[in-house]
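Read on for two forms of one protein chain; each stands alone as structure tokens, with the labels structure 1 and structure 2.
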Structure 1
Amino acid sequence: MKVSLKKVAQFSVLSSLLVLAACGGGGEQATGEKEGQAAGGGVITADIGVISYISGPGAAYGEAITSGLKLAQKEINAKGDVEINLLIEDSAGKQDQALTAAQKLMNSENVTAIIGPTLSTEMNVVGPEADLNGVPIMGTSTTAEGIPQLGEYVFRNSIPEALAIPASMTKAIEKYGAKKVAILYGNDDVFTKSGFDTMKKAAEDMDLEILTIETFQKGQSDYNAQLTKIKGMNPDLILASALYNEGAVIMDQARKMGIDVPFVGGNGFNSPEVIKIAGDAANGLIVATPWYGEKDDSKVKEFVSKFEEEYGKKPDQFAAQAYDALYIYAEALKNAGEADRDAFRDALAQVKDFNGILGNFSFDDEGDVVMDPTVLIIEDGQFKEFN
């Protein structure tokens, strides 16, 4: 009796192992077949994961990004070269949530590639993990220093501050002949802090005299102390690395105090909300942006009208960047010819001179952005191209 029990046990272990092996093999075969068919039929089907900031205080970013993506998805799938399924997950703006969302997409949903997450802090956590798993990942709104350097599989199509800020500074200096600048920045936010680092470096490179560096905190409402000091020093230009909500209040208070020099802002300052909050005081703000909705370009006009029709409001830069990002993915997918992660990564790295709504776009060796930003200035309560 005992012996037979042992045999039964041995047999069941053996058979379960066999079943396991068969299952594993079967799974691989199935996916292989699926890809083969797709390539043969001419339509490449791919699951693209999206990690976005959909709930929480920054949900407006996530909403813009997902609407841009959905619009692009509709158009791309209608064209019929590639079939993209979007799997959208929420990160709530938290690193740990972004990481679990990424794990879910990479391991449970087996996506080919990921778009997102929204914040640079989230990308700092998700990027290395995706790189380790060999899943291509592209940020559409991550502008901080060092994002594409996280790994070979990490890309972005959002213009980094290191490209945008010097561009707007150069133009402003040329126009106004500025020599002395004052810098004002929010030191408790990743975005504004990293913008400040770029500003300081650019100012040093351009041999500008930095009169003073002042800081403020998120949610501050009174900037008179900093502005009084700046006013006393008489700068030609004020560099302000601030998010639009604080930035608009700063400009308002500065103008009331009689500071009428132009402001140069970072990417976070670039929002139509500035004009809404500060009104006339917003005139004279110079920002560099990848996205200019009034551009005289058929693609841009088409996108703006389609977006307005679909969502009832004008697209912002986040929607535009996300829209272009999915088109870049579609192009890479077409060139790769299959929904394989490695083939897709190689094809993505080779995307060059892609002509999207943001302009002419290429990746450099590290997966960072190569393109010329547009410099804008607020005049008479409107964003206009700055020349």
Structure 2
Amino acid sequence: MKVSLKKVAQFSVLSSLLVLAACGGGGEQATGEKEGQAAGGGVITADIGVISYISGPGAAYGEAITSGLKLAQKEINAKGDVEINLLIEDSAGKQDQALTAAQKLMNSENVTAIIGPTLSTEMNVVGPEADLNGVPIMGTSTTAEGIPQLGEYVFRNSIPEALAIPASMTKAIEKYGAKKVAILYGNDDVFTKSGFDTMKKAAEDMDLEILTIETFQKGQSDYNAQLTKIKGMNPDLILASALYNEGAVIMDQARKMGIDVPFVGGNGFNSPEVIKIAGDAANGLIVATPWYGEKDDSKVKEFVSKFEEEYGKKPDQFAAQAYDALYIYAEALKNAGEADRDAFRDALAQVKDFNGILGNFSFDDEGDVVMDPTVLIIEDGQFKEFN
């Protein structure tokens, strides 16, 4: 453990950020009054910072994440063992804004740990800063390769692309006897680039013929050139690493061009927004996820029911991962016995066989995920288990 070094680094960085904190805008404080790190009667009280993609083109991710966190917070606090106060900051999906939000949260001695940010690109700048300051941080949607390796205070409970993508590709190959693939990915984002790297390596390991590799950028609206080339090569599958906005448009344009082969998507496709935007064109999309809302499991059914009652819609993967994340934090707080950052970090690292709505979950030695994904396909406008 790097306690003494962390404390020195924390003091130095916090001193330099006093002006930033004084001038920063107020974040959203979710239900519950702000208190000290411990309350009477054995209740452990902790402020947990949240950095989420609340505004901008990917706001559906942030909305789902904060909704899942607030529902878990409500339930956890009602049980009485732990009192969690959420301090929510908007990153708008931008690295600089995420870093500013993180520095503001870390500047508060009462903040025990942070959840978020949403994107791997954001975590790549926030994670090292949190590690430098000895602030535990956990991504609930950061699936790019190398995230937990950013530091010993950096964790995630989201299944990495390196685990999810090969699982979905294997199922698709078995089902359709695929031998030839085309790859399409966003080359200006760490998350989608990491997904591509995993897809390419998996395709090579599975002896698939890669017919072409096509790229695009965030916010792009016309994919005619890339899809025309792909159509002419007649692949058995299209591997696509994209966020839901671009991914949905790609599928819509592909279907309109007469491309009817299945798509295997990265984690960014795991959102009902894909169906909302692409409509019937989303049918045939295959993804691997830790979350399946139709699973015959009492915990899953109870969560879905409570979420629908609270928010008027079904939870997606991002809501579910955030929900479990706060319960994992609550368990770590109880095991630590206090809201001290270093004690919490060590207790968090020891979480094993946590039985959440996502299934049986553990951290490995690097703070990464140990669990099995579920492969889904969109059929008739709904995610279903892919068998």
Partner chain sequence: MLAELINPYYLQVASFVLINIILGISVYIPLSTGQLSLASAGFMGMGAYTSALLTIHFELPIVLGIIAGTLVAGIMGVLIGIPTLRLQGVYLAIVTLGFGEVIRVLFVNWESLTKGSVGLSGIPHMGREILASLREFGFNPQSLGLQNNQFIFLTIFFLLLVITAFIIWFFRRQHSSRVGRAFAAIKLDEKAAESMGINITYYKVLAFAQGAVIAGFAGALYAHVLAYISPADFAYHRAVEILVFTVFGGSEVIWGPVFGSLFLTLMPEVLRFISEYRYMLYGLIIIIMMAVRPQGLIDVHLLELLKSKTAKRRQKYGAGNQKSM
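Residue indices: 1-based, along structure 1. C-alpha atoms forming the largest set that superposes within 1.5 Å between two forms make up the rigid core. Predicted model, so just to flag it, every value in this text is computed and none were measured.
- Of the two forms shown, the form predicted in complex with the partner chain is structure 1.
- The two rigid parts rotate relative to each other between the two structures, and of P272, S108, Y311, D372 only D372 lies at the hinge.
- Relative to the larger rigid part, the smaller one is rotated between the two structures by 13°, as taken from C-alpha superpositions.
- After superposition on the rigid core, the Cα atom of Y185 is displaced by 3.4 Å between the two structures.
- Shown is the Cα shift of K256 between the two structures after rigid core superposition, which amounts to 6.7 Å.
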